[in-house]
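A lone chain, given as structure tokens: the form predicted on its own.
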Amino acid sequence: MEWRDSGIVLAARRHGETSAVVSLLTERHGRHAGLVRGGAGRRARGVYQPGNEVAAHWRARLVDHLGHFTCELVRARAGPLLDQPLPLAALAAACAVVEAALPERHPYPALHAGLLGLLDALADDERWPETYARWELALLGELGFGLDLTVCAASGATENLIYVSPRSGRAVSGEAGARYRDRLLPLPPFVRDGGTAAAGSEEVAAGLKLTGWFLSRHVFADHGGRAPAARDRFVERLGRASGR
């Protein structure tokens, strides 16, 4: 059995003296792991950094075996961000979230494309924090836990949608949610309007709180509701950088 595909490195874990088990998000084969001989060596270490794009060749005797990867670096994503700690933390968080959230060997081409788009934003878009929050929202949707942010769950109104029900994942208007605002999650405008207006740091924090709640409730339920530590570190660093 063998295949070739484009992939994004999610993680590389040392295996034995010099090898590594590498996890990729591939375009057509989903999240897929494989053994890389020499993957823990100095020369290969730069290839298997989270976020890097690679051309992957996977081979195994049987389809359900771990198999072996041979990868060629297509584009280094982590290296150019080494002097930008916040985008680098976001890159690590995104890769860790995908690694923990996706089932193995199930294709998610839209998520592969979405992660590439996020990596592009981290490299050259000053509004990348908004892009990150919307990327997590899209991830929830692709996994079957999408939020309904188009109409108020209580009244059917389509205006002044400023809350989200933490139970149903549906929007709630300011009027309908006034009595229960302490129990509702804030819905920042940049999430609702698709990013037409720039968001401030408080809005971005609210967006990450919103996506984090539903990731913990639905996607990371088997992990005790805990998001990957890399995501927690990213959110904490982003908060410190914005002075919250």
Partner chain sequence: MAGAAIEQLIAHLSKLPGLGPRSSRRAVLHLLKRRETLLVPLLKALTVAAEEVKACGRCGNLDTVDPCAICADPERDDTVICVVEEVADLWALERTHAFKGRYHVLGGILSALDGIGPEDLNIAGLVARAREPAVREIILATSATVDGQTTAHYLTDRLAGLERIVSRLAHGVPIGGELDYLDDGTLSTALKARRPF
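Residue numbers count along the first chain shown, from 1. Treat the numbers as computed from the prediction; the structure is a model and nothing was measured.
Beyond the structure shown, there is the form predicted together with the partner chain, which is absent from this document and is the topic of what follows.
A heavy atom within 4.5 Å of the partner chain in the predicted bound form is found for one listed residue only; from 121, 71, 101, 78, this is 78. Proximity of residue 115 to the partner chain in the predicted bound form falls outside the 4.5 Å heavy atom cutoff. In the predicted bound form, the partner chain sits within 4.5 Å of a heavy atom belonging to residue 230. Proximity of residue 50 to the partner chain in the predicted bound form: non-hydrogen atoms within 4.5 Å are present. Remark: residue 17 counts among the residues lining the partner chain in the predicted bound form, judged by a heavy atom distance of 4.5 Å or less. No member of the trio 174, 178 and 184 reaches the partner chain in the predicted bound form with any non-hydrogen atom inside 4.5 Å.
Only one listed stretch (105-113, 138-146, 86-94, 166-174) carries heavy atoms within 4.5 Å of the partner chain in the predicted bound form, and that stretch is 86-94. Residues of 1-15 placing a heavy atom within 4.5 Å of the partner chain in the predicted bound form, in sequence order: 11, 12, 13.
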